[in-house]
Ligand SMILES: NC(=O)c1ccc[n+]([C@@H]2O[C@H](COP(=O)([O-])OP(=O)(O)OC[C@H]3O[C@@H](n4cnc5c(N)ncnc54)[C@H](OP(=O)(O)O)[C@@H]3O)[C@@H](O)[C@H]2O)c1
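Just one chain follows, in the form predicted on its own, and it is written as structure tokens.
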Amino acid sequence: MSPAQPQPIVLVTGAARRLGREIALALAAGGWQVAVHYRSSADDAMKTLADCAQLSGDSAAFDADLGDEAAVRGLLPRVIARFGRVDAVVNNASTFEHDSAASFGFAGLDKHLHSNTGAAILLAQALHAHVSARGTSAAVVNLLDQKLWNQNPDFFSYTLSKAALEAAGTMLALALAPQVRVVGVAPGLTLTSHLLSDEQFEARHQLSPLGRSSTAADVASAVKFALENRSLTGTTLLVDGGQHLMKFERDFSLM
């Protein structure tokens, strides 16, 4: 008999709540041990941690401000110290604050670029150094947005930061191969927010060629597929019911 393969270890950023939590739980259910990253939602992170541990047998939580370069550079070493290794990173955490072409400024752009783009690149860089030293391989999944293929002028800095991350994914896939694969996952309208009533969310969720956009389960399934399919790199899976094929003049929350 061949020895049992150890459970793979994944760091999921922004895993305390919402989509990040669903991704963490799906991966735990699929046999991954999950490092649950959070910034300030400690109570929610402990809940996700406990639920992941029940599914996979082990989990741990790590706080870090992804807008702080030193904190980002220290995050993966902390996870490695706890688990002994890391096999994947899911860059899910995002700053999502409204601005427009009229209100745009350097401060808002910097905030989005640091947390949404720079942090993801630094974590990929650190993962590559880690697995290169070990002689193993790994994967990075970056959460993007169907908005990049169906642009409107709302959430200007957020969109720029995600566009930069999409471009970085291509460059990283080239730069970090063959040790690290880099894949994007771009959801459509998936979860509601304080900006939408339940009725508004349901109506806009149906605005797609398939009559439905993505669910959290759809996105989590795509992330797991991207992590485990060893032939994928330098590409993006659009998980949105085809919303990127339609034209929306405004962001869903402002329609």
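Residues carry their position along the shown sequence, with the first being 1. Note that the structure is a prediction, hence the values are computed from the model and not measured.
Another form, the form predicted together with the ligand, is not on view; read the next lines as being about it.
Annotated contact segment (heavy atom within 4.5 Å of the ligand in the predicted bound form): 86 to 94, selected among 86 to 94, 148 to 156, 128 to 136, 100 to 108. When contacts are judged by a 4.5 Å heavy atom cut-off, G30 does not count as touching the ligand in the predicted bound form.
In the predicted bound form, L66 approaches the ligand with a heavy atom inside 4.5 Å. Residue contact with the ligand in the predicted bound form: H244 places no heavy atom within 4.5 Å of it.
At a distance threshold of 4.5 angstroms between non-hydrogen atoms, T48 is out of contact with the ligand in the predicted bound form.
Heavy atoms of every residue among R17, S40 and S115 are located within 4.5 Å of the ligand in the predicted bound form. Interface residue among V79, L143, A173, A124, judged by heavy atoms within 4.5 Å of the ligand in the predicted bound form: L143.
Residues P187, G188, L189, T190, L191 are the ones in 164 to 191 with at least one heavy atom within 4.5 Å of the ligand in the predicted bound form, listed in sequence order.
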